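As structure tokens, one chain now follows by itself in the form predicted on its own.
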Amino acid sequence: MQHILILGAGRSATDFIQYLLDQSLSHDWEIVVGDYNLALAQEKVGSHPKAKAIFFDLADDDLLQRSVQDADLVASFLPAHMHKTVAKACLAHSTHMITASYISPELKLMDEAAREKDLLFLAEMGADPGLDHMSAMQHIDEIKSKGGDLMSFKSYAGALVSPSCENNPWGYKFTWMPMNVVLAGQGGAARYIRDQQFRYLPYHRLFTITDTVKVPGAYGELEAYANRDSLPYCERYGLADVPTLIRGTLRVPGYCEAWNVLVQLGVTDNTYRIADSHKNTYGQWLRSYLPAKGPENVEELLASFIGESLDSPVMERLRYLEICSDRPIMRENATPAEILLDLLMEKWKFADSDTDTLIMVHEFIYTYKGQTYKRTSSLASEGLDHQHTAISRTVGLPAGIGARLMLEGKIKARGVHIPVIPEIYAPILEELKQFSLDFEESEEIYEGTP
């Protein structure tokens, strides 16, 4: 009998837990789901005969050590900054670990220790990061193996509300970590390489430069802004000499132009607090970011400041947020980002009747035997319902399959890894087809410039 400890029972863990529960009887697994919210953990395991829920608090080190020492595999769905503490416990008790989060510097440093203990710490096993790595590397390895020379790799992904549920001018609702959306792009310039030139986009220009991306399904075309730092993927994907490598985040056309107004105003800042913010209306607060002289009406002042007419699409999106209104700010001594978030949580609420869609598009341009080709690999996965969302499924199912492979001893790699090697990504991508998570592929002769 093997024991699995799952830490964290939030939305991202829903389909991961369900996958392992479905597999547990045939594999004789005992599953423990721990969460600070015991009721949430109990809800996720239900009355399953092979699972139980426990209260879990990472601050209780004795509880952490007791829980980990009995496990053959620990899956951490806790906030990303907590993974290092879990990983240290896994090293101490010789326990494998899997997570959907990015590899942290601290986790990287555990690579040698994990190898010495014959352990695998498998990270970035969700959608993005995770499924993006797997689907990209499948094609990169295939192109390389036949002798192709990759000239350009562009990868785009976005978690969006399904088109049938779009009912606001932004074409967007919160399906995942709302504050992360407000703070997207902050903390450093976006970096990528295009036509052998390193490109750097500081935050204040990030949403002014977008690509148009053709996507599968009902969307047709979306816009993309540069996503974080693309340069490390030159090494991760074995593309040290590729002339163009860009990773981007997808949004509905028009989103970036309107969001850029909020960035330029400074109301997405989370580094300082507004004294007595709760004593102001949203209109009074916004006026404090606008020129002292101008129209008395805040909406007119905003339109004049950004050079837009009152009936422009940009102003329509801003007006929808009621950011110029007499609505009182409820949060005390809040940061600008928190004040904005409170509005967005209402305006961009993901309703119980809504479904979401995960869009992922890879574009490869390569040369082979004197001819240039363009290959496109794309996925449009719609959530099943409000619980089994597209994000929960594309995070939980790849991680769940990865966990099963680890427990079955089918992954021989040891140390700290992400899913960029065939023994990890190949069987996962194949099994995901059973869940309708199958990429559509197309290829054509390319006449343009990479």
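One-based numbering along the sequence shown. The structure presented is a predicted model; accordingly, all values stated were derived computationally and were not measured.
This next part talks about the form predicted together with another copy of the chain, which is not shown.
Looking at R331, R287, K374, K88, which has any heavy atom no more than 4.5 Å from another copy of the chain in the predicted complex?
Among R331, R287, K374, K88, a heavy atom within 4.5 Å of another copy of the chain in the predicted complex occurs only for R287.
State the residue from T212, S353, S164, T271 whose non-hydrogen atoms include one within 4.5 Å of another copy of the chain in the predicted complex.
Contact residue from the list: T271.
Is Q264 close to another copy of the chain in the predicted complex, meaning a heavy atom pair under 4.5 Å apart or at it?
Q264: contacts another copy of the chain in the predicted complex.
Looking in the predicted complex, any heavy atom of N297 within 4.5 Å of another copy of the chain?
No, N297 sits far enough from another copy of the chain in the predicted complex that none of its heavy atoms falls within 4.5 Å.
May I ask you to check whether F305 falls inside a 4.5 Å heavy atom distance of another copy of the chain in the predicted complex?
Yes, F305 is a contact residue.
Distance check, S94 to another copy of the chain in the predicted complex, heavy atom within 4.5 Å
So S94 does not count as contacting another copy of the chain.
Which of 77-85, 134-142, 185-193, 114-122 sits within 4.5 Å of another copy of the chain in the predicted complex, heavy atom basis
Looking at the other structure, the answer is 185-193.
What residues of 185-205, in sequence order, lie within 4.5 Å of another copy of the chain in the predicted complex by heavy atom?
Heavy-atom contacts within 4.5 Å come from G187, G188, A189, R191, Q197, F198, R199, Y200, P202, H204, R205.
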